[in-house]
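Encoded as structure tokens, the following chain is the form predicted on its own, with no partner shown.
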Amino acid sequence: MAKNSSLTAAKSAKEDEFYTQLSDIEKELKHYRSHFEGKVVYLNCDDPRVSNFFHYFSYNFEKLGLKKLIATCYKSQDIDLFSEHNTEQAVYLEYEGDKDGDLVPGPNEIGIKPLKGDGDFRSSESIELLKQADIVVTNPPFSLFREHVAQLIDHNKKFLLIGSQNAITYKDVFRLFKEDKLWQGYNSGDMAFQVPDHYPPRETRFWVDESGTKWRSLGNACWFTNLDTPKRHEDLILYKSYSPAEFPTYDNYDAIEVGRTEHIPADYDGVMGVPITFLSRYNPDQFEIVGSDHEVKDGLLPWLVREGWTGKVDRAYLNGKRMYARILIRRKGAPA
């Protein structure tokens, strides 16, 4: 991940500098091979000295048929992996494939060029590099996830990113799901990350391995992308039939409660409230995302509030109980 003044400040406060394991990258990237041929890949939040993203793409450069690999590297006083000299100079790296026939990205094959700034993905220099890129792949700081995604959308870039599933509930991120400009990749759930040495221990989801490396894990990590995949066009197999007893209508929304994605009734034409984990199996050919509870709260979906209801609309309520965050969906082709 990138190291820069603003990011470092954010990370110090948020402790969201997590290094992705090579195995997790390989597990997800194997589904996107056809997208990379002839493309320029940009790692704009990655220090190639420690980034497994840089390792993956440089060692698989020929297999993927890449045109170019670019990575920004924040200035550092640490020993540089390639030059073995201390430096305070921010640099960016370009790799255009193997030149000596050993299929190993060596120091003489990786172009190291200075940056005037610090390598922040929001800097003008990094944005110029972004303009060259076709696909951005990285694990951005979680605290800057929204800003990072917004930049990629603004520049009309393809991307594959790691983030927390909680990001789905961000209004601007959810809007991208609804507009079919963003979706989840193949893998989600538990993921372990190496963290910097200065990170303090935690009571849970923290450990130090036998080499002294610190680790943390997230139970709700996932991949976000706008690269199309066969997975997002796979129909959910629906086997349940609607009944008012099993799928009650909310107190305040004109929609029914479906507690588990796999229990979505096959024969219900109205609006259904489902957990946010539904998006990991969302097929836009099968379902329409109507909105979310926070959109009802914001007054964007007034027609979903039950007639005569005068209480809270911040969340769906069922028998007086406030529900967890819900996404409101409808079967595609169902009568409006």
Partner chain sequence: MKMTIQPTKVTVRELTSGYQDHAEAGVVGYGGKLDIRPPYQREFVYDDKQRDAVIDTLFKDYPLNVMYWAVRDDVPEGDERIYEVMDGQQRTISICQYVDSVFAFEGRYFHNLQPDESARILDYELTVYLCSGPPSEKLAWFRTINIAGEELTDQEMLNAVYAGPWVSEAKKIFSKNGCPAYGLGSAYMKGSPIRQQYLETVIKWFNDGDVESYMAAHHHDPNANELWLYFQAVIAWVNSTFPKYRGLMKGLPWGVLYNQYKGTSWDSAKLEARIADLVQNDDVTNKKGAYLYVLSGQEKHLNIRAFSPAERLAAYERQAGVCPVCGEHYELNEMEADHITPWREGGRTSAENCQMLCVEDNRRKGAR
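Nothing here was measured: the structure is a model prediction, and the numbers come from that model. Numbering follows the first chain given and starts at 1.
Although not depicted, the form predicted in complex with its partner chain is the subject of the following passage.
Undergrad: Its partner chain in the predicted bound form: within 4.5 Å of a heavy atom of each of N60, Y239 and R281?
TA: Spot residues vs its partner chain: full contact, yes.
Undergrad: Have a look at A150, L103, V208, A266 for me and say which one sits with a heavy atom within 4.5 Å of its partner chain in the predicted bound form.
TA: Of A150, L103, V208, A266, the residue with a heavy atom within 4.5 Å of its partner chain in the predicted bound form is L103.
Undergrad: Just one of E37, D298, D285, E26 has a heavy atom within 4.5 angstroms of its partner chain in the predicted bound form, so which one?
TA: Only one listed residue qualifies here, and that residue is E26.
Undergrad: When the contact criterion is heavy atoms within 4.5 Å, does Y56 count as touching its partner chain in the predicted bound form?
TA: It does: once its partner chain is placed as it appears in the predicted bound form, Y56 has a heavy atom within 4.5 Å of it.
Undergrad: With the partner left out here, check for me: in the predicted bound form, does some heavy atom of E128 sit within 4.5 Å of its partner chain?
TA: Heavy-atom contact with its partner chain at 4.5 Å: absent for E128.
Undergrad: Is there any non-hydrogen atom of E179 lying within 4.5 Å of its partner chain in the predicted bound form?
TA: E179: no, not in contact with its partner chain in the predicted bound form.
Undergrad: Do K30 and its partner chain come within 4.5 Å of each other in the predicted bound form, heavy atoms counted?
TA: Because a heavy atom of K30 falls inside 4.5 Å of its partner chain in the predicted bound form, the answer is yes.
Undergrad: I need the one stretch from 231-239, 162-170, 138-146, 115-123 whose residues put non-hydrogen atoms within 4.5 angstroms of its partner chain in the predicted bound form.
TA: The contacting stretch is 231-239.
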